[in-house]
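Here you get one chain, nothing else, as structure tokens; it is the form predicted on its own.
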């Protein structure tokens, strides 16, 4: 089977090829560029070969494994409609962005590093979505984060780019830690990382419902950070310091879509126990999505940055996707689950198109500030025409792609969500239409600004317009592929295309667009004073929006300073209790030991002096006793001699002699005992 080989090559090939970019670059710039285009084209082709294998008619997922760390921990690929959908998306946009980069990055330095990370980014993202186990997924999850950090801070000679890269890296690490905890708990509970093993354990009831709930919320934490959802959404605007080509890839197919994929995959894995998650987890996913969609749209309505509008638009549209996933009560059979994935593709086309067009505009004008633009319609007519397609698709107007996908999301939330969620989603769609109109008015319509008159802008190069044209065509035709995609994804019932035009949700949607359009008309075409006062910097609402609801201010002034204060406290504890206190204690011990030593030394000297004195005294006494003993023995000896002389003549004298000798011996022994005892 062809998929048995291509499912491995589709991610291994770009990963390995990235290593050869510096080597090929030695042969010249053209050789390097041709190599990169060739690798991305082959990768896209390999992704397309997986579509037949993943067809729902072939019995679901195909799990191919190979030996890795141990028999229990293997590497593998998981081929099902979800993984193949994302693989094709990444492969397609990898080729689009590689071609676009030939024009947009043509005069930049360090392009070898740029193309190295581009191929590594593509391979890592495909590896993430096609992995068959949580450990492999997490490794690629981290590689995607590394590549995004490196490409966002590509212009490392610019302080703002380095700062943005650091911000992205730090904020997404919060989600990474959450996901790692989820993976660790699953492995500790089931002794396996594989999707298949986890699904089997859930089917058999091996995984407790409480554990599944904890894991689900930790997985959600990972998705919130990666897909820029509240409250960790602020990094996405900062990421606009990346080259615009990378911004397009980041928003359309890689970094931010990883979180959406993770939640969609987890819903499939937890499908046998999805009822456990209906009470708390799924509503949380839905509410995070709805609130993110609303706040993102309001911030896009105010920012003057052309890439900022697209960044906040992505935040909002990702909120739509999450909100739909939160209504997925029956896993892959759920309308919300399918609607989210359908809109993921729609968003990739129109947001990718928006960034490619913004890149051409920035390339021509040298600024991202829309207040310095205006009147570009004549100077850049092709870009203007493509931008019209982009904003109509973004707004969800028929017959463009987002009309069908966003309509399905609204329907799913209407059926499964609360009334407040429905109201907020409708309000968000109206605001989306408003910021889209503002976008095209500030950039293309009206009189040319003084800034433009000095520059004499021209149309973007053809090599930059060609990829944009392809995405514009996709915006036109993608919506009509809804029935085919629904069947391919295995969704039980997908509304017909006709019902999308005549449904109640469509009528409500059409009605709410009217006031949104009138407000923008009054503010930017007629310049009514009341609208100007609303846009004034002194207006509290304008100040709130200009500061992005003060999320970054809170993080910098409260969270960051709180962390620094805590760190200083830990440092103080470390210095005082682990450095100074031990040093003081050691000095006290040394001093005490010195005092004890001196005391005992003095006591020992005194004791030795006493002992020596006693010894001298005893020696003197012994000497005296010895003298007395000598004198006594001398006396005894003389008496003995006299007695011996007398004994010669008398037997009684002999008896006296023997008695005296015995007495002398006894006295001698006593004196010896006394001498030794002393």
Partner chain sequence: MSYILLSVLLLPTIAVPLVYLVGRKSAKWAAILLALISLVSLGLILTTVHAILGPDHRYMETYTWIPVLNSQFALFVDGISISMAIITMVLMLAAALYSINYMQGKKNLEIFYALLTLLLVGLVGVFITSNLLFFYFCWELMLVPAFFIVGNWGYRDSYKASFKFFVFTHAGAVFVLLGIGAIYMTTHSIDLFQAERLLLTQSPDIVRWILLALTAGFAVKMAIFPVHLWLPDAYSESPAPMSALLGGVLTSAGAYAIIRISMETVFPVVMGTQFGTDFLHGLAIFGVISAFFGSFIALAETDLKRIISYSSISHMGYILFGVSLFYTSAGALIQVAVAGTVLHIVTHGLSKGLFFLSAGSLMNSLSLRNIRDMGGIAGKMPITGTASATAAFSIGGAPPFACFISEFFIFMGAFQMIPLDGFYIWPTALMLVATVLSLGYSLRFMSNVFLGPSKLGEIKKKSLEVPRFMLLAMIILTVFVIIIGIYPSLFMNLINTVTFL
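Numbering follows the first chain given and starts at 1. Since we're looking at a predicted model, the values are computed, not measured. Between two forms, the rigid core is defined as the largest C-alpha subset superposing within 1.5 Å.
There is another form of this protein, the form predicted in complex with its partner chain, and it is not shown here; the text below is about that form.
S.K.: Could you tell me which stretch in 199-207, 379-387, 400-408, 561-569 has residues with non-hydrogen atoms within 4.5 Å of its partner chain in the predicted bound form?
M.R.: Only one stretch qualifies here: 561-569.
S.K.: Taking 4.5 Å between heavy atoms as the contact cutoff, choose which of 427, 180, 542, 455 touches its partner chain in the predicted bound form.
M.R.: It is 180.
S.K.: Of 272, 483, 184, 461, which one comes within 4.5 Å of its partner chain in the predicted bound form, counting heavy atoms only?
M.R.: Of the listed residues, the single hit is 184.
S.K.: Given that the partner is absent here, does residue 170 sit within 4.5 Å of its partner chain in the predicted bound form, heavy atoms only?
M.R.: Answer yes; at least one heavy atom of residue 170 falls within 4.5 Å of its partner chain in the predicted bound form.
S.K.: Considering non-hydrogen atoms and a 4.5 Å limit, does its partner chain approach residue 135 in the predicted bound form?
M.R.: Looking in the predicted bound form, residue contacts with its partner chain include residue 135, since a heavy atom lies within 4.5 Å.
S.K.: In the predicted bound form, does residue 350 come within 4.5 Å of its partner chain, counting heavy atoms only?
M.R.: No, residue 350 sits far enough from its partner chain in the predicted bound form that none of its heavy atoms falls within 4.5 Å.
S.K.: Using the partner position in the predicted bound form, report whether residue 601 sits within 4.5 Å of its partner chain, counting heavy atoms only.
M.R.: Because no heavy atom of residue 601 falls inside 4.5 Å of its partner chain in the predicted bound form, the answer is no.
S.K.: Within 121-149, which residues come within 4.5 Å of its partner chain in the predicted bound form, counting heavy atoms only?
M.R.: Sequence-ordered list: 135, 138, 139, 142, 143, 146, 149.
S.K.: Does superposing the core leave residue 420 with a CA shift of 2 Å or more between the shown form and the other one?
M.R.: Where the cores coincide, residue 420 shows only a C-alpha shift between the shown form and the other one that is less than 2 Å.
S.K.: Does the distance between the two CA positions of residue 160 reach 2 Å or more between the shown form and the other one, the core being superposed?
M.R.: Shift at residue 160: below 2 Å after core fit.
S.K.: Core-aligned, is the CA shift for residue 217 between the shown form and the other one 2 angstroms or more?
M.R.: No.
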